[in-house]
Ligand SMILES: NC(=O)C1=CN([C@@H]2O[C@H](COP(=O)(O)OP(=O)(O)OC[C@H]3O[C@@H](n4cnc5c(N)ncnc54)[C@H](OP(=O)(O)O)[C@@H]3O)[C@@H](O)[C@H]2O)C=CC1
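In the block that follows, a single chain appears as structure tokens, in the form predicted on its own.
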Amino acid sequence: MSMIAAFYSGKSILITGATGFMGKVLMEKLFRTSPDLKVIYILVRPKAGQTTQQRVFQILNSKLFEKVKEICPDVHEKIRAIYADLNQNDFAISKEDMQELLSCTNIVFHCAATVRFDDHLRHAVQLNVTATQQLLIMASQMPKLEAFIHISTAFSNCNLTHIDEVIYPCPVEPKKIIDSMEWLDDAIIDEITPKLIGDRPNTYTYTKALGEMVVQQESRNLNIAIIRPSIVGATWQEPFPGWVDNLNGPSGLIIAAGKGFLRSIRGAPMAVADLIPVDTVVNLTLAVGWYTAVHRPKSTLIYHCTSGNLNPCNWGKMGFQVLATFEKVPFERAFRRPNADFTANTITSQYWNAVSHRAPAIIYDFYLRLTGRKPRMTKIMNRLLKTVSMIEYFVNRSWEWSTYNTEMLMSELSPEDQRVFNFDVRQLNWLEYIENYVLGIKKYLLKEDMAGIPEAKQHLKRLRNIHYLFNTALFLIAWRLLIARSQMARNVWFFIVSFCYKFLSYFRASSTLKV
């Protein structure tokens, strides 16, 4: 019998960010392992013309929840969607709903955050810092609360090389940052943002670090734990391998490479790609919720959910496996062939990298204009190159995260809980996982039919030949321009032509003698 599964039975659980990638997997696992839980409250706001109930209906009707609906047929009755907006004071929750949350909630999983690297500092502070502060104030008014679990990121302190399971202070107090965002205009915020984030690469990592400080300062007498996952990827095992539904993390890069938009990135092949499957993060999260509520640690414990220390996989190995999978299962409607420089060395010229991506896009847009269609490829390519530039910081570095608390927790679990809530990343086979990841993107994210693989392979072969011709033509044009400007280049060219002519003449003469 799983102690963790039994613990969540009969519980009322609040999940923020439940409509996000990790939030969905967290809900699915809770319902599948603890179908007798009382209710899951989720904070939802209408989006894209859908009501809160319609958004819940869409989630439950996805492939992810197929097993849940067999185990827990009344799952829709156990989800209580509450209208909320994390950009507003008190989240704009009605008095009736707020009263229900405060009086009934047993466990809080705070997963909501903005994960955009280029988000404006004001918005990032609101969602990652202020909203965390407001949720903690709510939690302090929950008489039945047993545990508050905050999901941060392993990169909140990416300005360090070695990161321990402790909260590191920021130069400026979170409360001062929150207050300043209320009265400073955007122009001033834009000007001071680089100075505030310092040696961190973006507003995301900076505000997640501030959020951790808020958790520490506002904890009061709450039982709180912080989980720091690294790069969260597709499912490893549960409810089935390869499920993914967003473009975050490596998913967007894999699609761009598979469709042929992305030919290379400036990265260090030997740098550790600290990827962690989303179901591994969820299993650790539920185990931490149980341990925090039952054992009530005297201080806030931080748990690193990373793979680099225990089962490292570098970007080069990952890139080659992605490309190997493309050969077996190519994506449909590719623009150009994926390039073997998917994980290029850091010495790759940034100028040439940009030109090699943009030139075909410009040519393709010219073709679209000639055929009377709207050009779109240059815009897509510019957006992609911007994204690539933002992640270069992470594909050129490696970090060391201590995992003492995570390993301690693993030792506290019974054999049954270690099986049901497995977060031992040492058991992960990277080659198998990456192949399932690529297949999952094709099936669940792009909705491509696996029956179309033979046709896609033929299409990819044609585009590969076009790509070779384009590169050959580009080389010949560049070489011709060089010959026109350099006597040395002309001499080299004439030597090569003369050598080839003599070699062919010798080969022809040898063939004649043999006959």
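All values derive from a computational prediction rather than experimental measurement. In case it trips you up, residue 1 is the first one in the sequence shown, and so on.
The same protein has a further form, the form predicted in complex with the ligand, not shown here; the description that follows concerns it.
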Work out which of the listed stretches, 415-423, 242-250, 180-188, 369-377, brings a heavy atom within 4.5 angstroms of the ligand in the predicted complex.
242-250
Does the 4.5 Å heavy atom contact test between K29 and the ligand in the predicted complex come out positive?
no
Is there a heavy atom of K38 lying 4.5 Å or less from a heavy atom of the ligand in the predicted complex?
no
Please run the contact check for M142 against the ligand in the predicted complex: heavy atoms, 4.5 angstroms, yes or no?
no
I'd like to know if I231 sits close to the ligand in the predicted complex, meaning any non-hydrogen atom pair within 4.5 angstroms.
yes
Tell me, out of R45, K69, K63, R490, which residue has a non-hydrogen atom within 4.5 angstroms of the ligand in the predicted complex.
R45
The listed residue (N311, S398, S402, N87) that reaches within 4.5 Å of the ligand in the predicted complex by any heavy atom is N87
Within 90-122, which residues come within 4.5 Å of the ligand in the predicted complex, counting heavy atoms only?
C111, A112, A113, V115
